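Presented as structure tokens, the chain that follows is alone, the form predicted alone.
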Amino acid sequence: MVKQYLVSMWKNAPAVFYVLLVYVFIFLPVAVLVLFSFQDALLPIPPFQGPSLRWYEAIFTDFRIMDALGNSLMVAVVSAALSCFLGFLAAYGLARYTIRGSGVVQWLLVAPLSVSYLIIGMGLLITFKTMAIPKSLLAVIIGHVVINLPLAFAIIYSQMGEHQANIERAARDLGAAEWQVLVLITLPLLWPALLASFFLSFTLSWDEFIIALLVSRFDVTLPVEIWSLLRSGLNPKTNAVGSVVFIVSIVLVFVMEIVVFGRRKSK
């Protein structure tokens, strides 16, 4: 049995080695970023001097960074919630009602997924200027809804199967009002998809830079503030901010895995 296990391991060694190389390629830059965020020296370059929390203390006492952090959280929460709400309405309407030209509508809804954020940001900038909408966090929220709505719609629409429609019809036959069907049947059945779309939209908004740079002015998000810091050169402070952004993103992924996919596995 041990011999068979060793032979199996030897046969799978190239695949295991390849997977390890992929993970090293992906995570090595992040590991270096996090490591040198604990650098005690003024520059994040070898040799490593530390560990020290001085740069984390510096960012958490920097009012500009903390304001940008609060702005990013607010923009991410609001834009993710709006994207999920609008995505659900669009998915529900297209899945439950016969609409002329529904295929075209679906194509238009998911079309922004294939467009560069730079092009979307430039289009939003021109549109806002034409409509006399000033550069602000509100403009950033609108921009993030534009890029997150197609993804939220695609996730929610993919989970609205015929079996759910049959349950909804059964509830109506038993005398449930339309709002009761929506609140007591549809939403509980879709909550994993709703949570997945919310967390994914939050993560994308949290990390987004180009649109936030183009349509904001004085109140900026954290990625824009990081870009401003990088313009003055590398220092462990930017590494610490980047590490915070990475940690928040990882925590969100784990929460989504536990809340959404963990419940499915338990079933």
Partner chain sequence: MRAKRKLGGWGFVGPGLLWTIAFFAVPLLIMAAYSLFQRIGGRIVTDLSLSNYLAFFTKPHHLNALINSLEVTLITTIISIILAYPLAYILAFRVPPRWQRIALMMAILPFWTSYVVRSYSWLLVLSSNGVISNIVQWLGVVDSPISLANSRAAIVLGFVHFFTMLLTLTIFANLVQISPNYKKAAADLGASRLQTFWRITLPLSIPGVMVGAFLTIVLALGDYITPQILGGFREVLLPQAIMLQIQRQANFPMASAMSLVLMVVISIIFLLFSRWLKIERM
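Keep in mind that what you see is a predicted model, and the values were worked out from it rather than measured. Numbering follows the first chain given and starts at 1. What we label the rigid core is the largest C-alpha set whose atoms superpose within 1.5 Å from one form to the other.
What comes next is about the form predicted in complex with its partner chain, which is not displayed.
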Q.
Taking any heavy atom pair closer than or equal to 4.5 Å as contact, tell me whether residue 210 reaches its partner chain in the predicted complex.
A. yes
Q.
Is residue 100 near its partner chain? Define near as a heavy atom within 4.5 Å, in the predicted complex.
A. yes
Q. Is there any non-hydrogen atom of residue 30 lying within 4.5 Å of its partner chain in the predicted complex?
A. yes
Q: Look up in the predicted complex whether residue 205 has a non-hydrogen atom within 4.5 angstroms of its partner chain, and give yes or no.
A: no
Q | Selected contact from 167, 81, 115, 189, since only one has a non-hydrogen atom within 4.5 angstroms of its partner chain in the predicted complex | A | 115
Q. Going by heavy atoms, what in 101-125 lies within 4.5 angstroms of its partner chain in the predicted complex?
A. 105, 106, 108, 109, 111, 112, 114, 115, 116, 118, 119, 120, 122, 123, 124, 125
Q | Core-aligned CA displacement of residue 27 at least 2 Å between the shown form and the other one | A | yes
